[in-house]
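Coming up is one lone chain in structure tokens, specifically the form predicted on its own.
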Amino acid sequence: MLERTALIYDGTFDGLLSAIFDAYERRPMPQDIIEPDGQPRLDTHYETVVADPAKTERVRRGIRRQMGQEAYEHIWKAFLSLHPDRSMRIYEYLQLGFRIKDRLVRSLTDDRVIAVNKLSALVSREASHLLQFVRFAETTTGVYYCQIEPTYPVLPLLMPHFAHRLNVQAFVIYDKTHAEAGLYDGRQWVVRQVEQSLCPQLTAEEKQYQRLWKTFYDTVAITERINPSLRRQNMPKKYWRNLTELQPDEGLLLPK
């Protein structure tokens, strides 16, 4: 019985692409690609892969050239899903893609395509919701701030949109769930891990605007047409705690 081979990478997207590069350099190709906390098997030989920028870039270019930008975006979003089987699903998806090239994204009945598209859709849906539900507040430093608590680490998908919309305005989006912060200085943005919760001070004017917005929101509501079920459908309840208009009566959107 032949021993299985698996590659272990560092848990980053660049590390995964480096592992896929190494997988294609080996004969036979490894059966598995896993993260450091993956479940080991007794019948498997494990080898560690170190992320290599040159390898990562070659795989990235190869995916875009042979399968298209849409396929690349699907695997990137599938990776952000944090699903325990994301690495293998992406690996299998790309194995198919390197064979059938740009027909990959149209192979909607293939199980490998279905699996990656499903993970990608979950992340895309959450990012789409947050583009609507993010609420920025002006802080005493002049930097705009907002807090989100998403299921998936979607900051890399949100930052380009808000950097374009806010243009030269510096801002911070703090992802409390994953202890990450998206930072924009008016020119470029980065996503960084943070060791403790951010707790900025709001300006007096910001507090007043929040009270006015909440008063407006409550005033225009038509009591007879309130539909809690429809509201939860269009505005999932998990986002409510970070929406100005749904805060307690004082109406201040403060870090929690």
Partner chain sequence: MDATIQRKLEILTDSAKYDAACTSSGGDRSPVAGKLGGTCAPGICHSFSADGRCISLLKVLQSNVCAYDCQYCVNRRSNDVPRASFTPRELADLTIGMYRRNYIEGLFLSSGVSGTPDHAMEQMIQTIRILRDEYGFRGYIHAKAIPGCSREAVTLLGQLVDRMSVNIELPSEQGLQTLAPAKTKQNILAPMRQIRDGIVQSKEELTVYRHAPKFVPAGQSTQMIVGATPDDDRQILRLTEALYKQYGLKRVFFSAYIPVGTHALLPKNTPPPLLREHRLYQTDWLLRYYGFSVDEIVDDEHPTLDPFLDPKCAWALRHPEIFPVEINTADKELLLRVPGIGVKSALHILRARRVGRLRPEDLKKLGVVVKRARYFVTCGGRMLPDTPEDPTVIYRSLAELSRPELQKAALPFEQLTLFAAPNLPTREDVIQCLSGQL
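Numbering follows the first chain given and starts at 1. What you see is a predicted model; the values in this text were computed from it and never measured.
One more form of this protein exists, namely the form predicted in complex with the partner chain; it is left out here, but the text below deals with it.
* Asked: Can you pick the stretch from 101-109, 151-159, 175-183, 80-88 whose heavy atoms fall within 4.5 Å of the partner chain in the predicted complex?
  -> Single hit among the candidates: 101-109.
* Find the only residue in D32, E206, E35, D52 having a heavy atom within 4.5 Å of the partner chain in the predicted complex. => That would be E206.
* Asked: Of R187, R61, R231, R41, which residue is found within 4.5 angstroms of the partner chain in the predicted complex when only non-hydrogen atoms are counted?
  -> The option sitting close enough to the partner is R231.
* Triple contact flag E70, I226 and T244 to the partner chain in the predicted complex, non-hydrogen atom at 4.5 angstroms -> Affirmative, all three are within 4.5 Å.
* Using the partner position in the predicted complex, report whether R125 sits within 4.5 Å of the partner chain, counting heavy atoms only. => Contact check for R125: no, nothing within 4.5 Å of the partner chain in the predicted complex.
* Partner contact for Y46 in the predicted complex: the partner chain, 4.5 angstroms, heavy atom -> Although the partner chain is absent here, Y46 would stay clear of it in the predicted complex, with no heavy atoms inside 4.5 Å.
* Asked: Taking the shortest heavy atom distance, is Q193 within 4.5 Å of the partner chain in the predicted complex?
  -> Contact with the partner chain, no.
* Asked: Is T215 a contact residue for the partner chain in the predicted complex, using a 4.5 Å heavy atom cut-off?
  -> Within the cut-off, so yes.
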